[in-house]
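Below: one protein chain in two forms, given as structure tokens, structure 1 then structure 2.
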Structure 1
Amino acid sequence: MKKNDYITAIIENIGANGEGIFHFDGATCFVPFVLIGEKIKAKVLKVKGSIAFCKVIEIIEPSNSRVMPKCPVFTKCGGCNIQHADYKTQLEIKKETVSTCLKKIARIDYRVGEVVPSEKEYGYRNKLQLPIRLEKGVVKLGFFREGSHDIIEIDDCPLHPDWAKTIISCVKEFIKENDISCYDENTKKGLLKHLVVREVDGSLLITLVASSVKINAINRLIDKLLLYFNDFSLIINENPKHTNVIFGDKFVTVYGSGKISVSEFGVSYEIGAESFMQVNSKQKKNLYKKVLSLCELDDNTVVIDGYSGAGVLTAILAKNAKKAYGVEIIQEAVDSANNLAKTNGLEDKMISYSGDCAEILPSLIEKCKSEGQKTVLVLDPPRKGVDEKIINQILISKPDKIVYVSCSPQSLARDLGLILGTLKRENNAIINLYPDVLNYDITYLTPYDMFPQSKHVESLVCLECKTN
């Protein structure tokens, strides 16, 4: 088998990135946008050792689970991976991805719970983020093609509510009617770079990222938006740098308050243009509700939030526990968390630490245990997973319970293996162990579909210590 060969094959499995897998001529072949059992004709794009990457040319025998994608640029933009599968199949793919990662990476054979479905299969995203570029003299607003900086131009995205189509139209008209320059990646010149929108309960934060905060005729854009929206802010973010980082440091609000007030689980807070939010608001509430339930909080339970950020989850936990400690290495986020505690009258129940969780965790757990309190550690790390030093301290300190929110099945499997004891780091490598007794029992492990139509899946895990 070599590049540009044509192959007829039957798809055997689905990989962690939503791609189909089949074997041919001694090679494992990967091809996107297909489903298990489908007979396809594929073209070989690249061969690397015993691995081949292919492109589907024809679906000879389609699966009964195949559906017509709603998006006209599906397969072109990098946003969706499995829109060609019906929703039941999407959930099955995600459950199998989590289960397979646990088995292959960490040798954990656990019966993963059924995926909690999203209430909405489309129109669920509360955040829109689009690059604006000048390409060969033509202004384009859309998504980057996967693996490139070529713009796939769009007028709408089915993953977003109706407000997205309206805002995209308003911005395009504003650019055209007022001859606003847009960023050219080749010349490094041009004003507008990105459009970023956040929405909560009908309130919108609309941000234009530009090389300067001075945008001519910006009031004309405000007037256009006022034709359709009552509750919005328009913000200009200045980012003159030529990097992949979207936001610069300077934000100027040209209309509205520049903030959205939010209240959930008894905690009031504000979000701004760069605040972190889960993109599926209703599913986030389902997830947080279960986190609270798994923590089993009472007047004798202390919670440690190991990746606390600006402290929203820490505050929600503090409302229901004896105390909640948030640990965050970024001082600005810690300051926000302290303000949040004050705003919600939680100064005595919510304590935020600025520093490395690995350094702070042992003394915190020791303090809680010495006072006879049950200790729950909550972890909601970035995609790369829990820092190695934090896992080492978990193994030493042994909190009574760990509630882990993960956005990556691969890093989740690795971290669970290290915590339970089926894996160990040795000489900068991870090796398999065969312990007679695991350090923790898995009492809950269920995926949550935060991202319908895409390969991504959130997982929630609860571990209870066996050796305390």
Structure 2
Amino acid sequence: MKKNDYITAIIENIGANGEGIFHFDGATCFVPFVLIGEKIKAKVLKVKGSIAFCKVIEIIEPSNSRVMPKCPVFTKCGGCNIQHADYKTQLEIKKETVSTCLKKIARIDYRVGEVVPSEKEYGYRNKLQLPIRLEKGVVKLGFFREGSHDIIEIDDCPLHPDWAKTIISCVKEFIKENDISCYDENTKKGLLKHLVVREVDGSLLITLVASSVKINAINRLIDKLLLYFNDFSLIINENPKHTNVIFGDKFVTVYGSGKISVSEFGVSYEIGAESFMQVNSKQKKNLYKKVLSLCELDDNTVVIDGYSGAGVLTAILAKNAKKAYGVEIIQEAVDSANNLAKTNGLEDKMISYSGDCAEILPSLIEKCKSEGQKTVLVLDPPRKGVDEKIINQILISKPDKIVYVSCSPQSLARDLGLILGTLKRENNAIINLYPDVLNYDITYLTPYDMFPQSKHVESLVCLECKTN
């Protein structure tokens, strides 16, 4: 098999990136946007040893699970990978991904729970983020094509509620009618760079990122938005730098309060244009509710919340425990967490540390356990998973319970293997072990579908220590 060959194949499996897998001529071949059992004609794009990357040319025999994608730019914008599968199949793909990673990476043969579905399959995202660019003299507002800075223009994105279409249309009209300049990546000149929208329970924070806060006729945009929305803020963020970082330091609110007040699980907090928020609000509530119930907190239990973000979950845990410690690397998020502790009267129960979990968590786990306290460790790391220093300390101090929220089945499998004892790090490599008894029992392992239509899968795991 070589580049530019055309081959006919039947899809055998779906990989962790949502792509189809088949074998041909001794090679494992990957092809996106297909489903198991489909007979396809594919073109070979690249061969690397015994791996080939292909593009689908024709679906000769489609699967019964194939549906018409809602989005006209599906396959182009890079945001969704499995919009061509019906929702039941999407959930099956995600469950299988988690299960396969556990088996292949860590030899953990656990019956993964059914994926908790998202209430909405489309229209679930509470955050819209679109670059605005001038390309060859034409203003474009849309998503970057995957792996490039070319804009795929859009009028709507079906992953967002209806407000997205309306706001995109208002901003496009405002730019056109008032001849507002937009950023050109080649000349590094132009005013408007990004449109970012956050929404909570119908309240909207609409932010225009621009190279200067002075945008002509901005009242005309406010008037346009007022025709459709009564609860919104319009904010201008000044970012004169030529980098991939979206926001600059200066925010000016030109309409509304510039914040959204939220109350959930008895904790009140404010969302700003920059605050981190899970993108699927309903599913986030389901996840936090389950985290809280798995922790089984009481007045005698301390909880350590590693990778704690702006501290909302830490505060929810603190309300139900003797004490909660949050650890987060981004200083602004720690400031928000401290503010949240103050406004909710939790200063004595909620302590937030600013810094790297790898440096802070081991001593914190050691301290809580050596004081003889019942200790629950919550971990919600980024995609790369938990640092080895933390795993080493877990193996020494053995917190009573670990509740792990993961956005990467691969790093989750590795970390679970290391914690349970089916894997071990030796001389910078990870080796298999065959222990008679595992260090922890898995008492819950269920994926949550936070991101329908995309390959991404969130998992929630609870581990209980056997030897305490």
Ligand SMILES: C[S@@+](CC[C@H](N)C(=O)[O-])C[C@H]1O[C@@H](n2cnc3c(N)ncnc32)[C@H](O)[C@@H]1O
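These numbers come from a predicted model, not from an experiment. Residue numbering: sequential along structure 1, first residue numbered 1. The term rigid core refers to the maximal set of C-alpha atoms that superpose within 1.5 Å between the two forms.
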The form predicted alone is shown as structure 1
Quick one: report the rotation angle of the small rigid part relative to the large one between structures 1 and 2, in degrees.
10
For Ile330, give the CA shift between structures 1 and 2 in Å, the superposition being done on the rigid core.
3.3
